[in-house]
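In structure tokens, the next block holds one chain alone, the form predicted on its own.
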Amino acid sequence: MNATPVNRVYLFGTCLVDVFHPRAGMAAVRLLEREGIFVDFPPEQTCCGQPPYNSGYDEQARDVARQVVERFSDPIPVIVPSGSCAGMLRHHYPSLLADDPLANAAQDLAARTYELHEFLNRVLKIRLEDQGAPVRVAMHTACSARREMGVRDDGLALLGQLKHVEVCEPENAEACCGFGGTFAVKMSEVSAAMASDKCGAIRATGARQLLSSDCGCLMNIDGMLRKQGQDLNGEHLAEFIWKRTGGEPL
């Protein structure tokens, strides 16, 4: 883990944050800036390349990976508010570009990539002061964040600092919500059944709010909850933490 003081980072915003959850991206920026970090957001950034990669179109995924590697080339941390996209940069770019002229740059980028809450908890070791009313929340950790990035405990550790927030995980918390990127499109009936099971487990916790650090899962679960007529608001973890700790409206 990086022991050198950090004063500048890149933010890789992700497609889903950009299109569907922009407040999650703004919360990430605000949380980093509050710690004295300058956040560099390359405006020409694109997708991380997961859709073609997960569908077996490696050459198209390589084209995207090359662009990301070149646009995030300064030797500073790359912060990603998504375990899934962070996993793509950290774990898949090196093999995807292993025989490419950018192979070394891809390895370097992988070593500098952090999931947002991992970075806040382990590198910056931020301290949080809860300024909200008591609430019970259900935390869903995405498969990629849990298994590929190993950052489940970081989100829970940050929530654990909020003294008026009671955190619970649904039964079978390690089970997928059914999103899985293109899986939700290609296997929509299976995906919907998995999401329905996940929603039932979340409702059983008695939580008043759903949190996740991945917008894909949040969209899938929150969408199913709305379809079921459930009044259980879904929110990205960064946005929740920002608001609970006195952050101004985003």
Partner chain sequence: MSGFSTHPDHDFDVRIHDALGNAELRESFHGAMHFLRDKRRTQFPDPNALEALRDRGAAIRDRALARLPDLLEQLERNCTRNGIQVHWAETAEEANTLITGLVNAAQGKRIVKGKSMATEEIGLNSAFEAAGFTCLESDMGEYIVQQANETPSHIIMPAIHRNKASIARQFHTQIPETPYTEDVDELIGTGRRVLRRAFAEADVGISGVNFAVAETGTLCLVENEGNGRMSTTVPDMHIAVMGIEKVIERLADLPDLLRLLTRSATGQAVTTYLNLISSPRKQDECDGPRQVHLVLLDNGRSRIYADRQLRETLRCIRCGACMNHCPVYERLGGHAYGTVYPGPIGQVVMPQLHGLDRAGKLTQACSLNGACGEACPVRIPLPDLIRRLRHEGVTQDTGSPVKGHGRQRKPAEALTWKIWSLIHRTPWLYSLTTHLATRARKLLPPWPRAWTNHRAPLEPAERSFREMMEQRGRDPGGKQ
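What you are looking at is a predicted structure, and each value in this text was computed from that prediction instead of being measured. Residue numbers count along the first chain shown, from 1.
The next section is about a form of this same protein that is not shown, the form predicted in complex with the partner chain.
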{"property": "Contact flag, I202 vs the partner chain in the predicted complex, heavy atom cut 4.5 Å", "result": "no"}
{"property": "4.5 Å heavy atom contact, Y114 to the partner chain in the predicted complex", "result": "no"}
{"property": "Partner contact for E70 in the predicted complex: the partner chain, 4.5 angstroms, heavy atom", "result": "no"}
{"property": "Touches the partner chain in the predicted complex: L232 (any heavy atom, 4.5 Å)", "result": "no"}
{"property": "Contact assignment for the partner chain in the predicted complex, among C176, A110, L156, V135, heavy atom within 4.5 Å", "result": "C176"}
{"property": "Heavy atom within 4.5 Å of the partner chain in the predicted complex - residue from P170, P77, G87, G180", "result": "G180"}
{"property": "Contact at A105, R152 and G160 by the partner chain in the predicted complex, all three, heavy atom at most 4.5 Å", "result": "no"}
{"property": "Among 160-168, 119-127, 97-105, 143-151, the region lying within 4.5 Å of the partner chain in the predicted complex by heavy atom distance", "result": "143-151"}
{"property": "In the predicted complex: members of 44-63 within 4.5 Å of the partner chain, any heavy atom", "result": "E44, Q45, T46, C47, G49, P51, P52, Y53, N54, S55, G56, Y57, D58, Q60, D63"}
